[in-house]
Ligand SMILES: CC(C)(COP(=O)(O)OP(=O)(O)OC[C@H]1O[C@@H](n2cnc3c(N)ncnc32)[C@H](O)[C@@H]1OP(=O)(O)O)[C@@H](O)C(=O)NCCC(=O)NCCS
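Only one chain is shown below, in structure tokens, and it's the form predicted alone.
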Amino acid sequence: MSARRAATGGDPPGYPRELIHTILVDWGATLRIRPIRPDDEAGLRELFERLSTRTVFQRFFRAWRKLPEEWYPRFVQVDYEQRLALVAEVDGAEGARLLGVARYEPTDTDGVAEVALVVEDSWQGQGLGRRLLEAIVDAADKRGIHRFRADTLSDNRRILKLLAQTVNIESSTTEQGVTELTFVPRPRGA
């Protein structure tokens, strides 16, 4: 989000400005994490086009070359309570560029939200995924959502390690190459 847009106050209804914050990733870059906005659709499309086939497969369990058109409006239109997405962005010469997205959605189980995360390949392994995961779990926790589920490919060691280091895993089951984990936030300072 540009400083100009932030100053104009053109936020969608219920936009939680308190979730906007600046972070420093492992190698020293300064990024911004903020709630997604409906006008992020073009940025999400551009992010998807930069993802490798491997990253797309790990996120969607299918090697999509192009996501279904009807998915984008749903990705960017959230209620900021039961459905929330946070984006990480960096400012550049051509404006802000989305680097990653973390989101939660309700599940069929009361009180449990499903978490999903994707980070642009060139930014993986630099602490951005951890920061996005911490931010989305913290935002959900403040909204009364305290239990989570995540489905990941069983061979996705990077996300399995990230979850093990960041949250308290309550259960883990694997079936047909997919691992389903349920977890809760790790107490602060733990």
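Fair warning: this is a prediction, and the values are worked out from it, not measured in the lab. All residue numbers are counted from 1 along the displayed sequence.
Below: the form predicted in complex with the ligand, not depicted.
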Tell me the stretch among 36-44, 65-73, 157-165, 135-143 that has any heavy atom within 4.5 angstroms of the ligand in the predicted bound form.
-> 157-165
Which one of Leu98, Leu117, Ala113, Ala85 is close to the ligand in the predicted bound form, taking close to mean a heavy atom within 4.5 Å?
-> Leu117
Spell it out for me: taking the ligand in the predicted bound form, does every residue among Thr55, Arg59 and Leu128 have a heavy atom no farther than 4.5 Å from it?
-> yes
Classify Phe48 as contacting or not contacting the ligand in the predicted bound form by the rule of any non-hydrogen atom within 4.5 angstroms, answering yes or no.
-> no
Contact check, 82-105 vs the ligand in the predicted bound form, heavy atom within 4.5 Å, ordered by sequence, gives none
